[in-house]
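Just one chain is shown here, as structure tokens, and it is the form predicted alone.
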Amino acid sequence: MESATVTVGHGHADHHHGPPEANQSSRIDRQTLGILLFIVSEVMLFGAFFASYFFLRVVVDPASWPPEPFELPKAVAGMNTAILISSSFTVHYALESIRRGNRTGLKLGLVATWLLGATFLFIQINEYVHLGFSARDFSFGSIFYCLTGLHGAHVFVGLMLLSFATIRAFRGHFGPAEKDHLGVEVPGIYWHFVDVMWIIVYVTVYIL
């Protein structure tokens, strides 16, 4: 009997080769992993444009930047930066609200984030209208519009993601369980990335 038991035990063990499967809690969610990989690719894209920017800044006219007669509205851009930074707090508030089961806070946070993002984009477009130069005006104009325009396109994409999340929130699709609010968490991660990239763009283009 004893040997039979051992034999059965060994036979059962033969079906489990290699390390045991990881617990579900230790795996990153596919949606979260997807948005993180996408952000990595976008960081490399922005990096290429920043490399071009610094190359032009060093080679074209290192003594004067922006070169004469260009001027940048630093105060307006600074106000716009404050608006976008504020939106990071509101989207975080939305996520924390649904984690606590607070659907009203979720809706308020998402709507506030969308409005702040739309305000940022409106001010950015209005700035383009009144700048006095275009992307065709020398290398400075080209790289300025490329960097800020690239970021503006990302803000627009973020607003689309927030729109879908807001519509779903008002339809009651989200809940406090981890799997039930990924539709808020994933756009939130992307929105934080957009905010951080703008801070870098603002400091690099408008301040330095």
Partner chain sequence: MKINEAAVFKWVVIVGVAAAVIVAVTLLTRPLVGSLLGLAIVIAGGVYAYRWARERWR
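Numbering follows the first chain given and starts at 1. Everything numeric in this text was worked out from a predicted model, so none of it was measured.
This protein has a second form, the form predicted together with its partner chain, left out of what is shown; the following refers to that one.
None of 102-110, 120-128, 88-96, 134-142 except one has non-hydrogen atoms within 4.5 angstroms of its partner chain in the predicted complex; the exception is 88-96. Using a 4.5 angstroms threshold between heavy atoms, Thr32 counts as touching its partner chain in the predicted complex. In the predicted complex, its partner chain lies within 4.5 Å of some heavy atom of Ile28.
Although the partner is absent here, Leu36 is a contact residue: one of its heavy atoms lies within 4.5 angstroms of its partner chain in the predicted complex.
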